[in-house]
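Same protein, same chain, two forms; see structure 1 and structure 2 below, as structure tokens.
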Structure 1
């Protein structure tokens, strides 16, 4: 699916540029955006190194285990396939906590570690497991309760109340996260019924 979307975006863009005479802009965009993507990846190094370093210490110190004990009842229901003392639980919880507090950059390395653990649980196969998809659904639906970046932008543009959108953001996040879980369950059980 991603293969098709990826290719189609570029194909449609180039074909459109042929008929629309925007080939100049396309040509420029190709090289500029590639450059931008590299800058983005290099920029990620600092955050990834720092958080993976801290998380390694946290893991060794048993803090992930402490966290997962605290929230285990709720998360166990969402991820029934993950054994209760598995490190994946700790990473999932840290990722969700970081997301809730709007720390997107800190959430990513923990999310990747959670995925690694879930892949091991799945016998190292290159197919996504049920819990991986549930975890993705939760992550892609937002989870953010404090949209720090947006508040910062609103401040820059002299909003009378930069934080007034926190309420609508929380309500919308709740709706989309609950929907994501329901949709995830729907597709999962649809597959089960078909077999």
Structure 2
């Protein structure tokens, strides 16, 4: 569906430029954007490699294990249907920890694995379980302490203070995460009360 929306937007834009006589400006913008995208991607690689290295060091030092233990009681309450030592619990904790450090790219594979494990627990049904919905809401809201990617982009564009976004990010993602949990629980209990 998203691909269709993007294709429609591109076609409408090109048709508008043809009828408006601004096709040369569209061509120039396309090539400039492609050039900027490559430059930005290469610039992000160094930052992502750095933070992934930090994550590896944190893992070896036991910091991730400590964080996992710290969050485990909260995660157990959020996902009561998942057995205590089930692999899904480990993937969920790893996903949340990676998101906290702003490593969305590193968090995605763990999120997919967590969903696969929860789908198995749900008997491979096509309908999402309560845990899957909660995880999706929590993952989308994404509590972040260090917004690595945003800092990297701000550094790429010569921001005078690339890390000034940290405080705002913590506040907004904390509000979005709490809101996501509250909305998830509201609709869950509303469905229970209707039965």
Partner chain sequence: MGIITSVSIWLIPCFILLVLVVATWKRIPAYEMFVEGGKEGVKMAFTLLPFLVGMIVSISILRSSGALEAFINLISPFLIAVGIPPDIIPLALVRPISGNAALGMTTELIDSHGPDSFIGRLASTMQGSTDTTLYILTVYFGAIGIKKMRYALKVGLLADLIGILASIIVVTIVFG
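On a predicted model such as this, the values are computed, not experimentally measured, just so you know. If you superpose the two forms and keep the largest set of C-alpha atoms that fall within 1.5 Å, you have the rigid core. Residue numbers count along the first chain shown, from 1.
Only structure 2 matches the form predicted alone. Core-aligned CA deviation for residue 186 between structures 1 and 2: less than 2 Å.
Superposed on the core, the two forms differ at residue 32: its CA moves 2 Å or more between structures 1 and 2. Put the two forms on the same core and the Cα of residue 18 is off by 2 Å or more between structures 1 and 2.
We note a C-alpha movement of 2.8 Å at residue 157 between structures 1 and 2, with the rigid core held in register. The two forms line up on their rigid core, and residue 41 then has its Cα shifted by 14.6 Å between structures 1 and 2.
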